[in-house]
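As a starting point, one isolated chain is supplied in structure tokens, in the form predicted on its own.
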């Protein structure tokens, strides 16, 4: 296993050390957004088929009530506030421009939120019951991928994984939501991790946390030591603060020494990876049958007046969340959902908070590509920075001359768009975007071949 000079666990090659920019929110405890007057819930905010409404326009619903079924591959939606259901309509979506969405207007006549009493047998649920509760709770991967958690657990069990790796690295600059979750609920995260391991069939849990979060390492270590259920050992593994430490393949190697082959999932080497916030959601689903109703996100950046870690109901308007944080500064010119390395630029704020969103970063100053970009100077910095050993330079020059289908030998299909190459390029070349163009072209060509 590769270690840094300080003996911290880390991955083998590439990576960068961007400025963390976490100081504005690292010390901020999680604060609750005031109850919104309306929430908008896109029917598709996970990988899989869209949810299907099971309540009608005008119906009164209570917070926690199921309002849409998940279908065969998706997850259900639940009312994050009590109120009256509005008609399903196409509304703005943070990643899809517009999408069919349900809306609920707050209404006191709907009554109080549903109660979720503890199940005294929550630690010893039969496998199928535990998996059913995860599914019914509408839980998806809260690290950003938004893959339905019940499906990932089924896949892991079928693949006979033996190790669960919990991702507490949070290597993206600016973001501190996972960090604050680990400080707020370390026992619940450890308990939830053990529950996930049981469902997946894993025999051990390793929680990877970057070394710049020493109090989170201490809190989770103490929680693991205090576990009363010890049939599955839990180890907290301090990792080097190095981007992209939280990427699945890099984290698996860092904590376990196992190498995930190209174009394969961690299950290929017996590993399941889950986010620490997902573990907290699974804990609440199994112990209390509580569905996923809220999302904790970091609202930060030089363009926000009051950076905060906010707990908000799903479907709350990003505009309301920004207002809760004092609003944006006049010089703000870019808004990013997620972190600045792998997040998505937002053209507007009148869009809802969705399950996969863990941050909102407001940026100022000149952005990437505003001054254009230069030719590749063959410096090789992108080759050194790429954690997968790909060749972004070769892909970029081929895309520029229209040879996109020649890019596969240089790793275009393997790229997960971490942005390390673009970050270090002295010519400010949009290497990630070149990779995206090549990847799309190669996939279209493969689909055409399969159809013919």
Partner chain sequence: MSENNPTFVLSPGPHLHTEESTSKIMWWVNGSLAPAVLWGVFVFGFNAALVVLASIAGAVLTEFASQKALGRRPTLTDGSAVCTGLLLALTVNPNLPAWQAFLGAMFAIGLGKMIFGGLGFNLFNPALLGRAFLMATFPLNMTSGWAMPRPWFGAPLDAVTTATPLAVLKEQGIEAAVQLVTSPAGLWNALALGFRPGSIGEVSLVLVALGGGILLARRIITLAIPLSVLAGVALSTLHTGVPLLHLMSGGLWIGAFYMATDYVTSPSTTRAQIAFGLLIGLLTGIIRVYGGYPEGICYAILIANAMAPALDLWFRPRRAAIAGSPS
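So that the term is clear: the rigid core is the largest set of C-alpha atoms that superpose within 1.5 Å between two forms. Numbering follows the first chain given and starts at 1. A quick note: this is a predicted structure, and the numbers were derived from the prediction, not measured.
FYI, the form predicted together with the partner chain isn't displayed, but the following is about it.
Proximity to the partner chain in the predicted bound form, taken as a non-hydrogen atom within 4.5 angstroms, holds for one residue of 305, 98, 262, 268, which is 262. Contact with the partner chain in the predicted bound form, judged by any heavy atom within 4.5 Å, is made by just one of 110, 223, 336, 114: 336. Using a 4.5 angstroms heavy atom cutoff to the partner chain in the predicted bound form, none of 201, 273 and 277 count as contacting. Among residues of the shown chain, residue 390 is one whose heavy atoms approach the partner chain to within 4.5 Å in the predicted bound form.
Although the partner is absent here, residue 414 is a contact residue: one of its heavy atoms lies within 4.5 angstroms of the partner chain in the predicted bound form.
Taking non-hydrogen atoms only, residue 427 approaches the partner chain to within 4.5 angstroms in the predicted bound form. Taking non-hydrogen atoms only, residue 402 never approaches the partner chain to within 4.5 angstroms in the predicted bound form. Only one of 193-201, 154-162, 129-137, 172-180 lies within 4.5 Å of the partner chain in the predicted bound form by heavy atoms, and it is 172-180. Contacts between stretch 242-256 and the partner chain, counted in the predicted bound form as any heavy atom lying within 4.5 Å, involve 249, 250, listed in sequence order. With the core held fixed between this form and the one not shown, residue 58 has its Cα displaced by under 2 Å. For residue 38, a C-alpha deviation below 2 angstroms is recorded between this form and the one not shown after rigid-core alignment. After superposition on the rigid core, the Cα atom of residue 406 is displaced by 2 Å or more between this form and the one not shown.
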